[in-house]
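A single chain, nothing else alongside it, follows as structure tokens in the form predicted on its own.
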């Protein structure tokens, strides 16, 4: 067989493979005025740009979101903005329409919803240039349905919108309803529509595509690949409508309900079978925080939670979703609400009534201070830091190294981000205010030649000598 003949057969084979895909697309006619319909819906999708101010410079951040009401409010994915930073560090927020070489319109940060972790932005001007996504109605989702979405190019292309399409392959509860299409249908943070242009869902994080990496003739390894610009996963329209009702009342400090049990894990299949729980979900409690609502109610480590307020936990796939489902259900309550957990403890079933408390500070709420002479930024030690270090109480002392300037005195002395600073110059650090006082004194003392830090890093104690001259 000649090389020309082989090329012809290869092209023919490739064309035959594409025929079913082309036939699927052809079965779903688009409206005659689809280009106008596409351009109208593109006005609901925006590019949000800002700068994140750190201790010594600014870093640009960008994300895609959708406008969801006439007030010009915008929703962004949880990964769009660094959630651990205080909102006052978000500078010069600009909202840009797709495909236009314009500076954009000013906006400000509204906050992050603690249930979904989604961020919200408010347009301060230019609302008339955008159309709320809710103007397009709601699609009725069905398996096999033709869907299309708005892909968004990167900034050098002025966030130009482009057409993507696929078919709905499945909807899974993870723990919210997430739709999956056969192939990429939109950009993360952008929108999905049905053939008539009705809103079907909001683009989520791309799912991992499994591939084999062939190293040589005898070795191959499974790998996961994600397309950062396009996704085949989306939050369904009904859940989207639920979540846009949860706009935070302030950038930080919204009260959050809290149980105080950590390390929740799905029950293993073997134990579930032994306990007769194969048909439902169950969650094992790892640790209980001291003086937390869970501790006061008598919840114990190794308790198996099987129901919330009399409702058995659902059987979800994969099993790791079940603890997240329980967290989500608890987060829908208010501080002071009483919930009843049905638990299996040993060979007994018990009812544990818990009055939910207020969650302690999270990272974005932590006090921070930067010391330019040392090149060291610190933040207060939080309960979450203690949990990571098996200190299951709220009154732990010390501070955490939050920022290290390159080539600074702190960097040369060996201080690393994440170090738990427990002592400075043989003085035990019991509070953030005390650390501020000690470090300010070190910076102002021009005759001092050295400062000694006692830190804990990866469960090891280290003595670090910081040369000041």
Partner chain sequence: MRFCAPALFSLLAIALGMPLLNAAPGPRFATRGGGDVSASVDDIQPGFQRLLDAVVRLDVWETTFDQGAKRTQHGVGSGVIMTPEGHILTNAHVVNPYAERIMVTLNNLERVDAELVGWDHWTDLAVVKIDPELLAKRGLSFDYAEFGDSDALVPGQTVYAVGTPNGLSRTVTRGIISNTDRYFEGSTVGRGYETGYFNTWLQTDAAINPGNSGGPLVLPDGDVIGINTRGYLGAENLGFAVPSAIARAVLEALIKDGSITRSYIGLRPGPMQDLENFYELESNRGMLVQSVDPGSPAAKAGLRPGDIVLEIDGQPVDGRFPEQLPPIQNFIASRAPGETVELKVKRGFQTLTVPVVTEPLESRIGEETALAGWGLGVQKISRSIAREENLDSTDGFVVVGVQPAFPAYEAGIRPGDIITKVNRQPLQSLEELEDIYNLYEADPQKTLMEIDRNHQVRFMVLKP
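Worth saying up front: this structure is predicted, and the values here are computed from it rather than measured. Residue numbers count along the first chain shown, from 1.
One more form of this protein exists, namely the form predicted in complex with its partner chain; it is left out here, but the text below deals with it.
Asker: Please state whether every one of the three residues 312, 368 and 435 places a non-hydrogen atom within 4.5 angstroms of its partner chain in the predicted complex.
Answerer: The answer is no: none of the three residues contacts the partner (heavy atom, 4.5 Å cut-off).
Asker: Whether residue 389 contacts its partner chain in the predicted complex should be assessed with a 4.5 Å heavy atom distance threshold; does it?
Answerer: Residue-level check for residue 389: yes, a contact with its partner chain.
Asker: I'd like to know whether residue 263 contacts its partner chain in the predicted complex, with contact meaning heavy atoms within 4.5 angstroms.
Answerer: Although its partner chain is absent here, residue 263 would touch it in the predicted complex, with heavy atoms inside 4.5 Å.
Asker: Report whether the minimum heavy atom distance between residue 270 and its partner chain in the predicted complex is within 4.5 Å.
Answerer: Residue-level check for residue 270: yes, a contact with its partner chain.
Asker: Please tell me whether any heavy atom belonging to residue 274 falls inside 4.5 Å of a heavy atom of its partner chain, as the geometry stands in the predicted complex.
Answerer: It does: once its partner chain is placed as it appears in the predicted complex, residue 274 has a heavy atom within 4.5 Å of it.
Asker: At 4.5 Å between heavy atoms, only one of the stretches 285 to 293, 117 to 125, 231 to 239, 82 to 90 reaches its partner chain in the predicted complex; which one is it?
Answerer: The contacting stretch here is 285 to 293.
Asker: With the partner left out here, which residues of 446 to 466 have a non-hydrogen atom within 4.5 Å of its partner chain in the predicted complex?
Answerer: Sequence-ordered list: 450, 452, 454, 459, 460, 461, 462, 463, 465.
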